[in-house]
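Presented below, as structure tokens, is a lone chain in the form predicted alone.
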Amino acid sequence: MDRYSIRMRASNAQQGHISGAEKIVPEPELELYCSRLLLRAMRHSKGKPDFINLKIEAVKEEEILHLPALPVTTVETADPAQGQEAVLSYLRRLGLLRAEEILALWRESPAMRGAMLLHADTLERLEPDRERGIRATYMDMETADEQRRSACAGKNHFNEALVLATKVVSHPAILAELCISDDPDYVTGYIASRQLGYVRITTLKETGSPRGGRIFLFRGDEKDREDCIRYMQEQKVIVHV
């Protein structure tokens, strides 16, 4: 059965980006998920949007790459300093010689819709548009129907992050991904890689902070960079849990 990609984006003039979400669903579920994503856009903790974009595209089954979800580890941390120290230790485990500089860039990353594409060795920023960044999109999670319906009733940070991280680090030029949500009420972030799996760090910022950021750590040449950006922005992926 062919499916449909649904992508929602909400913003307002004062705050800019408020909410974004996406699903890849069978046709019989299209109306249900459109309604739920619209409801989610209207009820976000960051405020009420004055602009909502809902984009729907047909997706053929042969266009979809199916991936197993990354294995998950949770690291309990008492405060943001301890959480960032944990991230630093994982960066070093990956053999990254400039781990402290990477962490500093992550902490200071500007607000943007996408991620920073950062060369892991030179720390050169490689995204074509530095204000927008690179957005990984066209992805969803495949679970039992009841779980899937329940998960879409509201934002599920863990499920959505696991899907995104699994897609991102499956590209051979990506060494790792770092992420902390810009949601003021969500302080958990993660580091993910093929070697480490998906590592949840329970406290990476103070409650109420709107700061967030995402870095894709890259290693490769110009051809790899172009393929990586295409993969993040165009490849349809379903992650199986």
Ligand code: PML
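Keep in mind the model is a prediction, meaning the values are calculated, not measured. Numbering starts at 1 and runs along the sequence shown.
There is also a form predicted together with this ligand; it is not shown, and the following applies to it.
Colleague: Heavy atoms within 4.5 Å of this ligand in the predicted bound form: which stretch in 63 to 71, 177 to 185, 49 to 57, 26 to 34 meets that?
Modeller: The contacting stretch here is 177 to 185.
Colleague: Since only the chain is shown here, I'm wondering whether Arg113 would be in contact with this ligand in the predicted bound form (any heavy atom pair within 4.5 Å).
Modeller: No - in the predicted bound form, heavy atoms of Arg113 and this ligand never come within 4.5 Å of each other.
Colleague: Would you classify Ala161 as touching this ligand in the predicted bound form, given a 4.5 Å non-hydrogen atom cut-off?
Modeller: Contact with this ligand, yes.
Colleague: Contact between Arg98 and this ligand in the predicted bound form at 4.5 Å, heavy atoms?
Modeller: Flag for Arg98 set to no.
Colleague: Please check if His157 has a heavy atom lying within 4.5 Å of any heavy atom of this ligand in the predicted bound form.
Modeller: Contact with this ligand, yes.
Colleague: Which residues from 190 to 207 come close to this ligand in the predicted bound form, meaning a heavy atom within 4.5 Å?
Modeller: Contacting residues: Tyr190, Tyr198, Arg200.
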